[in-house]
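First, one chain by itself: the form predicted on its own, in structure tokens.
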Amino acid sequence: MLVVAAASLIQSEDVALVGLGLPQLAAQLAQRTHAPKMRMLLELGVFTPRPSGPSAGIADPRMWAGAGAFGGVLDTLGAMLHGGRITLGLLGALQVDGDGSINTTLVRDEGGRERRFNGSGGGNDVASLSQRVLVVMRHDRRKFAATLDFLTSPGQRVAGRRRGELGLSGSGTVAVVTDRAILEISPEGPVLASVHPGEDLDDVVACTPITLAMPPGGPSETPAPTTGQRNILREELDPDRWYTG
């Protein structure tokens, strides 16, 4: 459901810089269904791949199948991203706040102990310079925070200041897509735009410990996956359930 919901927000005219895991599945699903002209880029320098089968991450050569060109990080993060040519960044997150800012660096438990992770990689560049950003992650109370344990990549605001004041281009994070809901990030804060089929609205709100606004009339129900979408995911893109469980 998470992959299908994220894919639905990808447009055929997008030039998308795609992160590892669930974001890469969402991009491939969109490419095979409603967004066939979407151009996908991988941070390590792979341009417009059209993978024909499963791949264990973006560094797996199977993910590079059908690529139009091979370059390097300077080409993707430099000429393309810093050059203002990326319309969409798809990123994962350890933790996200109500402005769509991302933590992928460390988390603290209730006792104050820290656990460190890989950090930004190219994520800060993608979040700072893409025209818009989708955050794709699993829905868990620990993954939402009014104040991040560590701010790795900026959303629509940083410490109360809007992106433009900080010299950042683009809109920032426009939505956080989870396996339970879609949260749109507006200039005023997060809006619970839709809840996935079978999910209880009150329980979703209770499991999202940031202040959520509701759209007029309440959240809609996210469209359920079609048979075709399920078949593509289960039989072609992730038959071994590396990402979709």
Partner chain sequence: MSKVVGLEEAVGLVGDGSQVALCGFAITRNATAAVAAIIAAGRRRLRLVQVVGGMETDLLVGAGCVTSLVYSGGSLDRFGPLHSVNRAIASGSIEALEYSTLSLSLRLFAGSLDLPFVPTRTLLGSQLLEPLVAAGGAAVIEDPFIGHPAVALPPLRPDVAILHANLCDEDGNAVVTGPLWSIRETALAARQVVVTAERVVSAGSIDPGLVTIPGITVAAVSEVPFGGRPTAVFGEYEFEASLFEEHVAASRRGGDDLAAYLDRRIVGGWAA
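Positions refer to the first chain, counted from 1. These numbers were taken from a predicted model, which means no experiment stands behind them.
One more form of this protein, predicted in complex with the partner chain, exists but is not displayed; see below.
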Candidate spot W64, D125 and L129, all three touching the partner chain in the model of the complex (heavy atom, 4.5 Å) = yes
query = Just one of 214-222, 25-33, 173-181, 41-49 has heavy atoms within 4.5 Å of the partner chain in the model of the complex; which?
reply = 41-49
request  = Would you check, heavy atoms only and a 4.5 Å threshold, whether P187 touches the partner chain in the model of the complex?
outcome  = no
query = Applying a 4.5 Å heavy atom distance criterion, does V205 contact the partner chain in the model of the complex?
reply = no
task = Consider P154 of the chain shown here, and say whether it contacts the partner chain in the model of the complex, taking contact as heavy atoms within 4.5 Å.
result = yes
ask   = Taking 4.5 angstroms as the cut-off for heavy atoms, does V136 touch the partner chain in the model of the complex?
value = no
note = Within 73-97, the residues having any heavy atom within 4.5 Å of the partner chain in the model of the complex are V73, L74, D75, L77, G78, A79, M80, H82, G83, R85
